[in-house]
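Take a look at this single chain, the form predicted alone, given in structure tokens.
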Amino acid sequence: MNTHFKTYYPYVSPFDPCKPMVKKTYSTPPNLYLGFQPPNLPQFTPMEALRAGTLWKPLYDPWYSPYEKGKKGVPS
């Protein structure tokens, strides 16, 4: 599974008074899948790197709320 979004299905009790959340999603950081840093990784410009929080483009992972529908990379 080389995707940044993982899904799991928690236990739903028949006695729970609230509406259950049947499916939960979470994000994993991209450095988990990189291993050793390969040479000549593409880099942001210095100003872009300050905004992104990293110098290397493959390590950039924007956070999107699971409630924001329609964003790129967010599961529906």
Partner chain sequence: MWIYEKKLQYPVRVSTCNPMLAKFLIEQYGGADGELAAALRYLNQRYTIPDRVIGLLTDIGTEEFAHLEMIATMVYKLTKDATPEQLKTAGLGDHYVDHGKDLFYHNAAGVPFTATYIQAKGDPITDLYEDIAAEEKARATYQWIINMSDDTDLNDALRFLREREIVHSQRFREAVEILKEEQGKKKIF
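Residue numbers count along the first chain shown, from 1. It should be emphasised that the depicted structure is a prediction, and the values quoted were computed from it without experimental measurement.
The form predicted together with the partner chain exists for this protein as well; it is not shown, and the discussion that follows is about that form.
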At 4.5 Å between heavy atoms, is residue 43 in contact with the partner chain in the model of the complex?
no
Partner contact for residue 67 in the model of the complex: the partner chain, 4.5 angstroms, heavy atom
yes
According to a 4.5 angstroms non-hydrogen atom cut-off, is residue 63 in contact with the partner chain in the model of the complex?
yes
Quick one: does residue 39 come within 4.5 Å of the partner chain in the model of the complex, counting heavy atoms only?
no
